[in-house]
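One chain follows as structure tokens, the form predicted alone.
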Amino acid sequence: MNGNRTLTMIKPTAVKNGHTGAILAKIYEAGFRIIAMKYLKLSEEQAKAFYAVHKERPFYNDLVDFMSSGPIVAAILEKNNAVEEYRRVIGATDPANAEEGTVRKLYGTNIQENAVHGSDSDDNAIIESDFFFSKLERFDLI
């Protein structure tokens, strides 16, 4: 069964470049509801914890440095089949390979600074949402 929630983060470069509003507009245009949202800066320790699944990958340290380099916007999005639907909206991880009109094609600068994070599975959407938001910070709409 496909879940109805996913997590996104608008990454530091996209925030710095003033794309937060445009990205949120694309999210709303795609029919998502935002049930929780925060503007924050991850510490190095928090970024390491969030991306621990990639600890053995060669890009891990650069990813941690980047994700703790400036403010982000984290949000839980709600829609039927949310993970798959959001991944369609954001496009391929590498903006150079993303379809025209997707968030990453429009606002990403490279494979690391690709504008947004999106959960890759229903299970990870739950884990990632719990990382950023308590139950009190969520406004259930469905």
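Since this is a predicted model, take the numbers as computed values, not measurements. When you see a residue number, it is the position in the sequence shown, counting from 1.
Below: the form predicted in complex with a small molecule, not depicted.
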**Message:** Please pick out the stretch from 24 to 32, 69 to 77, 113 to 121, 41 to 49 that is in contact with the small molecule in the predicted complex, where contact means heavy atoms within 4.5 Å.
**Reply:** 113 to 121
**Request:** Indicate whether the candidate residues Lys11, Thr93 and Arg104 are all in contact with the small molecule in the predicted complex, with contact defined as any heavy atom within 4.5 Å.
**Result:** yes
**Item:** 4.5 Å heavy atom contact, His54 to the small molecule in the predicted complex
**Value:** yes
**Asked** Does the small molecule get within 4.5 angstroms of any non-hydrogen atom of Met37 in the predicted complex?
**Response** no
